[in-house]
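First, one chain by itself in structure tokens, the form predicted on its own.
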Amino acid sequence: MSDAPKPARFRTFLILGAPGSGKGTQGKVLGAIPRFHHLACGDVFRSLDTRTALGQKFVEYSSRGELVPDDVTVELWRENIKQRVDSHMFKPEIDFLVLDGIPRNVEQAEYMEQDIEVLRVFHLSCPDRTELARRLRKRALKDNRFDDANEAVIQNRFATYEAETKPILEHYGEDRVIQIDASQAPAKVLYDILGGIMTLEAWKELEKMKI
């Protein structure tokens, strides 16, 4: 067992991309590999205990159909990740954290600076919005979420991504962002992500550890 100290901030990889680019798929696959722990924003909300004060705050906004404010979203995320550390699901001294869907915008990224050390941002890029819309419709119909297959809903999701989430790339800077062609087969996308990870000193140091 490793006696490595816990890092001051979680060593983190972000998976970023427009709706339909495959963020969730890649996050789940990475999370299934030892030494990677995947956490999607949806997981935070699904596991929420609405009996707590923080949970009640979430209910207060969601019951009115309003977006949860950035500071509340990050607090919910902090509570969730603390539970994962306390239960040893996530071991920050030997695991990398893989996030998708959070931070959702630059404000959230700024709130999270004290928690995460972002080593790489993998931008799953697919300029062909027609292909992404096709994927979203296919997924919505498969999951029986017919409203999500609506063209206006899909275009609104793209517009929200461009306005709110894509500026995160500039926030973290070109030296940390790796552009990946999301139109490739999922296995090739994963191959490119792993290639971007294995050049890092943090990865090489982990390889040397006796775990």
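The first residue of the shown sequence is 1; numbering continues from there. On a predicted model such as this, the values are computed, not experimentally measured, just so you know. Rigid core (definition): largest C-alpha set, two forms, superposition within 1.5 Å.
The protein also exists as the form predicted together with adenosine monophosphate (AMP); that form is not presented, and the subsequent description refers to it.
Among residues of the shown chain, Asp175 is not one whose heavy atoms approach adenosine monophosphate (AMP) to within 4.5 Å in the model of the complex. Contact check for Leu169: no non-hydrogen atom falls within 4.5 Å of adenosine monophosphate (AMP) in the model of the complex. The shortest heavy atom separation between Cys41 and adenosine monophosphate (AMP) in the model of the complex is within 4.5 Å. Heavy atoms of Glu151 never reach within 4.5 Å of adenosine monophosphate (AMP) in the model of the complex, leaving it off the interface.
For the options Leu97, Leu124, Val121, Ile102, the residue carrying a heavy atom within 4.5 angstroms of adenosine monophosphate (AMP) in the model of the complex is Ile102.
Think of it this way: in the model of the complex, adenosine monophosphate (AMP) has a heavy atom of just one of Ala159, Leu67, Ala32, Leu54 within 4.5 Å, and the residue is Leu67.
Comment: 68 to 76 is the region of 127 to 135, 68 to 76, 113 to 121, 85 to 93 lying near adenosine monophosphate (AMP) in the model of the complex, near meaning a non-hydrogen atom within 4.5 Å. Residues of 140 to 156 that come within 4.5 Å of adenosine monophosphate (AMP) in the model of the complex, judged by any heavy atom, are Arg145, Asp147 in sequence order. Once the cores line up, the CA of Ala32 ends up less than 2 angstroms apart between the shown form and the other one. Annotation for Asp70: C-alpha shift under 2 angstroms between the shown form and the other one, rigid core superposed. For Val44, a C-alpha deviation of 2 angstroms or more is recorded between the shown form and the other one after rigid-core alignment. Whereas the shown form places them at one spacing, the Cα atoms of Val59 and Asp86 lie at least 3 Å farther apart in the model of the complex. The distance between the CA atoms of Lys82 and Leu48 is at least 3 Å longer in the model of the complex than in the form shown here.
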